[in-house]
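What follows is a single chain, given as structure tokens, in the form predicted alone.
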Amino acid sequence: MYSFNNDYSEGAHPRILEAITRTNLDQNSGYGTDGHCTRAREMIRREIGREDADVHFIVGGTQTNLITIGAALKPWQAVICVAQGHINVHETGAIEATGHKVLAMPGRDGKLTPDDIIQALDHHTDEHMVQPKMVYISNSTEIGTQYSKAELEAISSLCLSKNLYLFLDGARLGSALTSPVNDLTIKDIAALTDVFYIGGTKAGALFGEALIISNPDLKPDFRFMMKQRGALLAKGWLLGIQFEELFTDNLYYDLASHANSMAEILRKGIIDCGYSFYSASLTNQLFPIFPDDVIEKLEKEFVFSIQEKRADGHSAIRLVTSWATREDACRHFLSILKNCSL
């Protein structure tokens, strides 16, 4: 059984493991105050072109979203996101469990639009309702689509005019930035958002996300929130080492490019077999629509998830490629699909 179920099925890129092993007996100060974290922060600041940014290393994406939103919002404030957004669907109500309502809007192609934001603002007008204060988006999105520079600029401009924070979830940012249709740079993202993060867990690290805070209003006392929410890792250098490696010699982008290229092999082969897709993804998540009997045959050799069951005997499945996905596994999937489709 070969897994296309997610992009964190494997451990970590060998360079990262080697760096951790090489420094294993070195002594470090704790909680992200070590030299590795300091160097990783400097590397990331240079990469994003923001020497004034605060950079924090956190173990996982849900924790990063929870802490960032919790730190930014007052108790009566809410966050706007697309209905398919990770904080609305896949985080067990973590945001709302801390008292902040998630205002889920329909969006388009998995992306939040300025009209969605305006609609949410127009509906929440006084102190009898929660007060929208933050906009949350993901790039790439939960269905593999991505924001163009014009789309992000439009959202950023609206947030600025409406006094809203803009938070970009970058769990799969590498895949978005290396997509063939991407026109955004990481510097653009740093300039257009108040806070965003660079995902490591789904990009070849053992674990870890690098949260970048550009807005000065969100910087004070952030480490207090991290500690209270259990996110200030004692052995913080394990995070720093990984991001040092990821941002040496373009490793972060190379690994994301590999994931995208493996997805492109699958995408072209699926099209050649005559099938369509649930979303127009050109990143490392694909959502082909197959007959249910074909899916049953594929499930005998491959692991993947069902995105949406349909009444016509078809379903959309989710295939995810990673930094470690093998080309021969992609070719084998296509050969089985072709045989199933005859």
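Quick note: we count residues from 1 along the sequence shown, nothing fancier. This is a predicted model, so every value here is computed, not measured.
We do not show the form predicted together with another copy of the chain, though everything after this point is about it.
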| property | result |
| --- | --- |
| Option from 68-76, 259-267, 190-198, 143-151 whose residues, in the predicted complex, bring a heavy atom within 4.5 Å of another copy of the chain | 68-76 |
| Any non-hydrogen atom of L232 within 4.5 angstroms of another copy of the chain in the predicted complex | yes |
| K162 within 4.5 Å of another copy of the chain in the predicted complex, heavy atoms | no |
| Proximity of E51 to another copy of the chain in the predicted complex, heavy atoms at 4.5 Å | no |
| Close approach of H90 to another copy of the chain in the predicted complex, 4.5 Å, heavy atom | yes |
| Single option in I118, I271, V181, M129 placed near another copy of the chain in the predicted complex, where near means a heavy atom within 4.5 Å | M129 |
| All of D26, V102 and A205 within 4.5 Å of another copy of the chain in the predicted complex, heavy atom check | yes |
| Any residue of 217-248 that, in the predicted complex, places a heavy atom within 4.5 Å of another copy of the chain | P220, D221, R223, F224, M225, K227, Q228, R229, G230, L232, L233, A234, K235, W237, L238 |
